[in-house]
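One chain comes next, on its own, written as structure tokens: the form predicted alone.
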Amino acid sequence: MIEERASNGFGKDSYTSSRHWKTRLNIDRIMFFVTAACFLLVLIPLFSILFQVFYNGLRAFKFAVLLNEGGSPVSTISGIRHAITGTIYATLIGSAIGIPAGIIVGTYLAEFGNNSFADILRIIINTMVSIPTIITGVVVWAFVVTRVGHFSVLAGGIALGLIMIPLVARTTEEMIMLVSPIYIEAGYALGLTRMRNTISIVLANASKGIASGVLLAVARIMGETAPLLFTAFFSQASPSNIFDPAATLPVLIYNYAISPFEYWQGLAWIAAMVLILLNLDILFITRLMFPETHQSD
């Protein structure tokens, strides 16, 4: 009888296997709840920050604040338009430098990077990613600001561009490496040169991932503060050209938040709210335009 039960799968081995399965199932459930608890624990400070920023920002918010220039801390008609304008200028200049340079560097490393020069370039890129951004600001101050003789939004844009280059380069390299070799071989079979194949086949297939990484890099540099303290500096008026010093939202938040004036502190909360909304908009656009890129990640 025992032998018959064993042969039918109800013996000791089957019992042991069932017990192990239940143990693994219980461990899986425990780890699921532990992971969910850790996830909720991480969300607590995030939502706490968002609540504080939006609560204080909306309390002090007036639509005129977005249209008025900076001014005296005792004036209730000054606003943050100059900082919004400076942020847009610096971000556009940084993007104009960082996006094409980063894509070119990343493409070179992925397609033509089997040499000693590419190894050195990878070390430089990894070093630029890891160093504090304030170092980039000091370097641009030493080589640009001191040579020109004054702070400018152009110098701030150069600093942001240098910060953006390694971010875009690494994203571009990784996205190109994910392109299926079948498409590349098909391009060569059609008689395309290596350069034409890289541009028409490789970059075309990796374009969505690269664009997603570019938008995230733009959101990253938009919130930089330290390098702009040494380059764009600060101004209470919107820049008339790229050679003028300019306020940006992160620097305005820093200056106004530590001031003893209650009105400026309210403007700092509003600027923080606007900056978060700009970053959330970029992240939302990234998810909306390139959903399959994040699903594959």
Partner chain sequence: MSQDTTTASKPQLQKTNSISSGILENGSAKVVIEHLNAFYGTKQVLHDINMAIRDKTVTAIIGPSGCGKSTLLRTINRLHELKRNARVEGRVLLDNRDIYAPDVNPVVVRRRIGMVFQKPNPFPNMSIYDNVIAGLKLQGIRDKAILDPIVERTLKVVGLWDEVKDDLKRRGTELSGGQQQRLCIARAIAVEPEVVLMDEPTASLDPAATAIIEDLIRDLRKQYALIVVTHNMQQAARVSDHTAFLFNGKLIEYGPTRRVFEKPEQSLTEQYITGRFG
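Owing to the predicted nature of the structure, the values given are computational and were not obtained by experimental measurement. Residue numbers count along the first chain shown, from 1.
A second form of this protein, the form predicted together with its partner chain, is not displayed here; the remarks below concern that form.
Peer 1: Its partner chain isn't shown here, but in the predicted complex which of 74, 120, 190, 77 has a heavy atom within 4.5 Å of it?
Peer 2: Contact with its partner chain in the predicted complex is made by 190 alone.
Peer 1: Using a 4.5 Å heavy atom cut-off, which residue among 84, 201, 97, 215 comes into contact with its partner chain in the predicted complex?
Peer 2: Exactly one residue meets the criterion: 201.
Peer 1: Please identify, from 85-93, 152-160, 167-175, 202-210, the stretch that has a heavy atom within 4.5 Å of its partner chain in the predicted complex.
Peer 2: Stretch 202-210 is the one.
Peer 1: Tell me, yes or no, whether residue 114 is in contact with its partner chain in the predicted complex, where a contact means a heavy atom of each within 4.5 Å.
Peer 2: Contact check for residue 114: yes, within 4.5 Å of its partner chain in the predicted complex.
Peer 1: So in the predicted complex, does any heavy atom of residue 129 sit within 4.5 Å of its partner chain?
Peer 2: No, no contact at 4.5 Å.
Peer 1: Indicate whether its partner chain has at least one heavy atom within 4.5 Å of a heavy atom of residue 148 in the predicted complex.
Peer 2: No, no contact at 4.5 Å.
Peer 1: With the partner left out here, which residues of 175-189 have a non-hydrogen atom within 4.5 Å of its partner chain in the predicted complex?
Peer 2: Sequence-ordered list: 182, 183, 185, 186, 187, 188, 189.
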